[in-house]
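In the form predicted alone, a lone chain appears below as structure tokens.
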Amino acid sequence: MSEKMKFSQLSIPPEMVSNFDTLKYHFMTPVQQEVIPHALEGRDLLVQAKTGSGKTAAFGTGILCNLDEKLWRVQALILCPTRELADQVTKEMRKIARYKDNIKILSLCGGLPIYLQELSLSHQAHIVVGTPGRVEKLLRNGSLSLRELTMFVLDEADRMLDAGFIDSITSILVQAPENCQKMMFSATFPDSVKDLAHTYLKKAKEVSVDLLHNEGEIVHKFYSVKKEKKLAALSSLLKSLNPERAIVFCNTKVQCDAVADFLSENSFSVFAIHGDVEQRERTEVMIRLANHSMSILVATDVAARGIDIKDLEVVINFDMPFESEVYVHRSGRTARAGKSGAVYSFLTQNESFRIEKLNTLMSESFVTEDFEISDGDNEDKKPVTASMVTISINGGRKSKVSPGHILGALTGENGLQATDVGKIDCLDLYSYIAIRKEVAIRAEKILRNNPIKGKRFTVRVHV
């Protein structure tokens, strides 16, 4: 569609339109324009759209408009493959639900104490966002009921319908009413996954829109590199680009750790996340990447699902993915919300066939360039370093600590300037504060020596 439509042109409450205006959502994205009318009608949907296209607001609008807020039962379930994506979806749903009073949205994911989630469920909720394993477990022990479920959403459906999740999803749907509305969203839908999806859907409307980034939004570069030279090539490329934030993708956990260790040893600001990294550590890493106190994230595809970093400049494929569709997912981490970005990929000699498959999928004519590193190349350039440092305290929302309280403690009499303090994230039990590197030691002393809301907290500097 070429003509942009406003949310006010939809059959939705004026209070919702006003909230969208407050959020600066003045015009619908293509996927929202195509999906919302069908979602409001209660139709099953199979939607293919690129990462970052606004799909959460697309299904979220349908859910909130069709919800009975007076019925304190779980009426909508949104399943995501990772906790990071579930957290992201939960935050977005809470933002667009602000126009309604007393809407309870719960996030139910692994990596957190199940007894706390059971306690929250004992007071009921309207919407649940979760990961399949934890949702299935809560259904099994009777803490969660789907008897009143009217809407079911599968996000990143191509990954959710593979062998790792399919049994859990089937088990979950068996406990939901047969006639509940089902919506499935993904950036890619291979034929085998699409066929499987239709076994769960009834007379589904298929929507394919905004599949690839517009020409010019993302620059794609492919480099031919000898396997033994890839680490040196990566270091050279990062020094040359000097990105404020970048994600480097590897295909295995072992490779992830090896690449991160190499970059760390060469003084880059870097961390690796994969399936073996504990959830709390992953949360901390994502906060540090988002608040500019870490520059480079090395990740596997599973660990990176749901990553949404604003203004991410660069994606690097240290390892080319085995499937062309995965390349599309990786590329979608950059150039979001109309911004530009770049994707750089290393291919060894026996991987030339991958670019041919990619050209077929994306209707492109990508070619490889040689990436040769001469002796002393980029020796005069310093590694990528972060501009901020993250400091945490063991107090958060449960302790009634807010970003305003922390900022006040840091910038009080003889304290820091407000410009020295970056993003402040208050979680349930911890708060993370980004501090300009030059004043980090001073900030640490202020937090150690001054109470916040009359209480002293343990302070930790993350390096």
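Residue numbers here begin at 1 and follow the sequence given. Note that this is a predicted model, so its numbers are computed, not measured.
Separately, the form predicted together with a small molecule exists; it is not shown, and the next lines address it.
Of the candidate stretches 106-114, 70-78, 365-373, 233-241, only 365-373 has residues whose heavy atoms lie within 4.5 Å of the small molecule in the predicted bound form. Contact annotation: E92 falls within 4.5 Å of the small molecule in the predicted bound form, judged by heavy atom distances. Proximity of M28 to the small molecule in the predicted bound form falls within the 4.5 Å heavy atom cutoff.
Contact annotation: F457 falls outside 4.5 Å of the small molecule in the predicted bound form, judged by heavy atom distances. For the chain shown alone, P37 is not a contact residue for the small molecule in the predicted bound form, no non-hydrogen atom being within 4.5 angstroms. This chain is drawn without the small molecule; in the predicted bound form, the residue among G396, P403, G422, G54 with a heavy atom within 4.5 Å of it is G54.
For the three residues Y327, T334 and R354, a heavy atom within 4.5 Å of the small molecule turns up in the predicted bound form in no case.
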